[in-house]
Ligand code: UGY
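Encoded as structure tokens, the following chain is the form predicted alone, with no partner shown.
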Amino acid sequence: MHNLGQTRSSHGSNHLLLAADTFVRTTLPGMTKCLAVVHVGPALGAKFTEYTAEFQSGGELGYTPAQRFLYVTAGTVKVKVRGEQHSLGARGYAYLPEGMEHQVIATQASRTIVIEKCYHRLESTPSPQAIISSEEAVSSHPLQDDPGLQIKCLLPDKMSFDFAVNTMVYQPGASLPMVEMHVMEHGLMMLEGGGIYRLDNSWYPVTAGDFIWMGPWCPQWFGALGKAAAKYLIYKDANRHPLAGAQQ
């Protein structure tokens, strides 16, 4: 039945919620046998781009001039870099520094979350190295000693990295301990479960498959609902002065 114009998707002045029923697919330059659902980018004011890549078997991502992070949510992809080939299944991920030649090719129908950002270099700080890993290889730690809210940091907390990507798992009933307001922006993909997200002065039910963008200083809070744990993958800019990139 037609939804008669109804959707949970919403676009506020400092946030965006995209539910799957509003996803629009496109092909980005260089993609073959692959479609992208672009969730956020500079057109909205974000300083990064995040999209879901949906591959057919043999599909390939195109070139990017930026640094790239990808996280596999379904299927298997091969990442070819520096003459070596790595196979990534579900929950596998890769960080590829700006300018590093690489290929990402699906060996079966697959889906990945892709984050791309132009790198902000710091003098006297070495450039980051490529990372090929899986979420299972990363240890978790509780947020503010709450065992019901576990975080895995998928990128090293080093000054050479100008953004962070984490997974966060909330047991049923767990929530953020405070309403956060900060200079960092976020890109968030719900992976499992659901709950309630506060964005600015609006409250949204969210579920697996939803995407959220939060601009700087957007009031934000999440609480998990239901009988299963809620999990999301979240991006934030990090390790750079707030004046970085400001016009002179």
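Residues carry their position along the shown sequence, with the first being 1. The shown structure was predicted, so the numbers you read here are calculated from the model rather than taken from an experiment.
Beyond what is shown, the protein has a form predicted in complex with the ligand; the following relates to that form.
- The three marked residues, Met168, Tyr197 and Lys236, each reach the ligand in the predicted bound form, with a heavy atom inside 4.5 Å.
- Contact with the ligand, judged by heavy atoms within 4.5 Å in the predicted bound form, is confined among 177 to 185, 25 to 33, 43 to 51, 64 to 72 to 177 to 185.
- Taking the ligand as positioned in the predicted bound form, none of the residues of 78 to 98 brings a heavy atom within 4.5 Å of it.
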